[in-house]
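Before any questions on binding or motion, here is one chain by itself as structure tokens, the form predicted on its own.
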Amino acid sequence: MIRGLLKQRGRVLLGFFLIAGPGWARKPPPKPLPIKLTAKISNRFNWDFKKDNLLEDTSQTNTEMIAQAKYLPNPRVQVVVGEWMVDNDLRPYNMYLNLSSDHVNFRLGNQIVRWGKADEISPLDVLNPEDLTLGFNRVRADRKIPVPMANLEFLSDAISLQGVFIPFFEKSIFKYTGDDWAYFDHLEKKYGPINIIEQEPAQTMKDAGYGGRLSGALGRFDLAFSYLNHRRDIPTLVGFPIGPPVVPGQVGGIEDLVKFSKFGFPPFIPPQPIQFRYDREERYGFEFETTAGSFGLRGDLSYVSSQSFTTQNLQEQWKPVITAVGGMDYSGPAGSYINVSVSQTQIRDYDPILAPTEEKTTTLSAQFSLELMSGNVKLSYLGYMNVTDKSYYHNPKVNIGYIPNIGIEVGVDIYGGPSYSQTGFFGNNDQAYLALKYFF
């Protein structure tokens, strides 16, 4: 009887094993959650080399935090939610849904899209506005602001087509007054409140931006053609109804503009407000990239059908503008990297009354970097020089990465050139800085 009972139990156990399978004995490890969390906290301390005037700030601290969660339930679906806090100002960061198949990719939501090959000085990389509250102190990629956008791509081995739709206009972030990096610096302390009127477009779908990009390969060349119809995220100065008389040989600057607005030209011209507007533009682009051994060659070409320029007597003229950029980079041993680019902008149908804006403007851009100590120390340089008006920006720096998840950067920002130039305007803002970053 006992023998029969054991035989029966053996059959029951055999049946259980057949149903449960080998996994009953070896339980597989739990699958990791399809969620990835990342964050970056950085603090930047800036000190001016010297106090150039009584109005400027001699030191400044900026804190920035980006937190992001990425949900990947399967290879075809991606959900990203991120927030961005800059000096206690909370902004949405990447917040989108991405759906993909073998030949189609669709991304909807807050995102950054970059066109062009020429990195820091590409004239085609204008789909997203930038955070300019620290001038040009950070690289362009770090200044980009994600905006709501629909981004649809059809992909193949030979050719790809991308379409973007930006439903609402968003301007770059900057200040008009009250800051060393503001449009009018601290001039309100010297002359009193500045009468500024900003004509912002209505936030409606009628004012949407849109564009497309066709890309493919021809031999060893990657090529792309693009078209973008949108509003510029940097404001344009509106011409004054009655401008000041032109003084031959005298070039006006930002302070002259403020004085004319405040006091006019007695007794003939009364004070008038300074008005800014965000112009709509069409931008046609072409870009290419190829390699030759360890060297990379790249270039961008941009044509804007109509762009506003301010004349010497503060009136407006609209002109077509062509910008061409050619560059070369080299990646060598020990993490060494060199990138040199030349840009030339030409105003078509140029009128000499636009001076000091020249008909042709040539700019040089350079980046160098070298890794030392097994990559824990990185020496680098980023700079621009406007050959036409002799203005410049230099940023040599050292990055130290010995401590896991901690980045340390020490460097200087040096600006120079005539006060009416883009970088020369910040000539009093030469500074040293220490940036600390924690990330995971």
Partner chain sequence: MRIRIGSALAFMVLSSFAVAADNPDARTIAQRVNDREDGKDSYAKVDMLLTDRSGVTQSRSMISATKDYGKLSKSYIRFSAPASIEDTSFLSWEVEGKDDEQFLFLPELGRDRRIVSSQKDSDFVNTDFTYEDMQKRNVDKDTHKILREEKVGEYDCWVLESVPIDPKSSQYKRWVAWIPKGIYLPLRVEFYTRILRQPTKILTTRRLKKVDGIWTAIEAEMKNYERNTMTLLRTIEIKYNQGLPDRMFSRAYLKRNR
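Predicted model only: the values in this text are computed from it and were never measured. Positions refer to the first chain, counted from 1.
One more form of this protein, predicted together with the partner chain, exists but is not displayed; see below.
Only one segment in the set 268 to 276, 182 to 190, 90 to 98, 352 to 360 has any non-hydrogen atom within 4.5 angstroms of the partner chain in the predicted bound form, and it is 90 to 98. For the three marked residues, Ile194, Ser380 and Lys390, no heavy atom of any sits within 4.5 Å of the partner chain in the predicted bound form.
The single contact residue among Pro333, Pro248, Pro73, Pro245, judged by any heavy atom lying within 4.5 Å of the partner chain in the predicted bound form, is Pro333. Residue-level contacts in the predicted bound form: of Leu155, Leu237, Val86, Ile322, one residue has a heavy atom within 4.5 Å of the partner chain, and it is Leu155.
Although the partner is absent here, Ser122 lies within 4.5 Å of the partner chain in the predicted bound form, judged by heavy atoms. Contact annotation for Tyr337: at least one heavy atom lies within 4.5 Å of the partner chain in the predicted bound form.
The shortest heavy atom separation between Lys51 and the partner chain in the predicted bound form exceeds 4.5 Å.
At a distance threshold of 4.5 angstroms between non-hydrogen atoms, Glu289 is in contact with the partner chain in the predicted bound form. Residues of 112 to 131 that come within 4.5 Å of the partner chain in the predicted bound form, judged by any heavy atom, are Arg114, Trp115, Gly116, Lys117, Ala118, Asp119, Ser122, Asp125 in sequence order.
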